[in-house]
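As structure tokens, one chain now follows by itself in the form predicted on its own.
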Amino acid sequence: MKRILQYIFFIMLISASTVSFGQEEKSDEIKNLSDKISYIMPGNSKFLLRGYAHSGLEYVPDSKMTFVGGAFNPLFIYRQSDRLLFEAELETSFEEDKFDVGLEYANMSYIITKTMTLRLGKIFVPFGIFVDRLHPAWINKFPNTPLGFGHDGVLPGTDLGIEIRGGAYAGNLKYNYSFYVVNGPQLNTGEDHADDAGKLDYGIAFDNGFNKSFGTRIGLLPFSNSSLEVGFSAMIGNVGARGTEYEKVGSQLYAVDLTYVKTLNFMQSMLDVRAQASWVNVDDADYPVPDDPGQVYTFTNKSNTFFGQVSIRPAYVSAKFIKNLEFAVRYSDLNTPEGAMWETNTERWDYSLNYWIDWRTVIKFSYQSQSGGDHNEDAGEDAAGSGNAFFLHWAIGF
């Protein structure tokens, strides 16, 4: 009887092992099939459409009164996984009676760690704070940009390259950082327009040599509530075309910026202060005289620009109309090289009374007073001379 029970136990053990082995095989098959499906299917990918639009009316006494804007900037964001993202912005607007469509930026991002992200493609150059943070029409508290910024400005906007950015703690000090390598600006030698000789052209798709521009921005937030940030920026690189006499001409750009956001309890208001001082240095070079190509001239190629703005919004008062109002004032100036065909010393005051329909829709009633101006006829849009202008501007973010 004992032997019979041993046989029965042995048979049951073999059967259990066979079933267990079969279940493991089936589990492996299911896992392999799941992996294949995950590879084929989009999984947790998501797509988001954002952007902004703006339009308005511009009035310059004794000069013009015209509706402007009609611009629409869609922003496309695609998240393929928790770490991999893609984003791009199109820029559409009316320019000189034509409707233009441009690619503002387009880049891929990979989140390496919680404190580090890699970006590759066309990026906003993190030089200071305006372009990278304040330029969208519904975020910018004014209908225009400070002097020195914009597509014809002396400072970088977007460029093709690679960037490592993030933020972390150093003890109790919070900081953010960006290190990047981009194609960089290119020296305008005046071949197409002699009066532009010595300028830096930004955002050109293809580099004119093997040298790249290297840059960084470090932001320090010394207070625990992050109300204050002080930033330091630099970008250096050669700007002359390879194989030309300008090949070794380099540029050095530096900037200091400040952001301070604070609740003023005694006024039941929010105070917002922003400022940036920038310097652009380009190595000396000889350029052909516009009216006499056989002759050359040179100048100390140094420019500087500054803007500072303050806004107050009584966001914590009980009256709905009052709490949606905001008053903003901005000062900016631009100084370009003495002796250059595009020499200018211009300063501008902007005043704006804004009404926020909601947190991302604003109507701006603005006044601009500009003095100084260009010493030469082709100094550029930012140096349009002295004068006043009035703006009615409506911007919406979505």
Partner chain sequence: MKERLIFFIGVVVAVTIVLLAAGCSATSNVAANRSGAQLWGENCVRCHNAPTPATLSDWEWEVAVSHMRLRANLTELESEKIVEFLKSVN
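Positions refer to the first chain, counted from 1. As the structure is a computational prediction, the values presented were derived from the model and not from experiment.
Here the subject shifts to the form predicted in complex with the partner chain, a form of this protein not shown in this document.
Taking a 4.5 Å heavy atom cutoff to the partner chain in the model of the complex, the contact residue among N265, T300, S224, Q295 is S224. When you look in the model of the complex, the only residue of A241, I312, I204, A168 with a non-hydrogen atom within 4.5 Å of the partner chain is A168. Listed stretches are 286 to 294, 185 to 193, 77 to 85, 152 to 160; the contact stretch with the partner chain in the model of the complex is 77 to 85, by a heavy atom cutoff of 4.5 Å. Contact check for N172: a non-hydrogen atom falls within 4.5 Å of the partner chain in the model of the complex.
Among heavy atoms of Y254, some come within 4.5 Å of the partner chain in the model of the complex.
Although the partner is absent here, F124 sits close enough that one of its heavy atoms falls within 4.5 Å of the partner chain in the model of the complex. S109 belongs to the set of residues with a heavy atom inside 4.5 Å of the partner chain in the model of the complex.
Contact residues in stretch 126 to 164 (any heavy atom within 4.5 Å of the partner chain, taken in the model of the complex) are D132, R133, L134, W138, I139.
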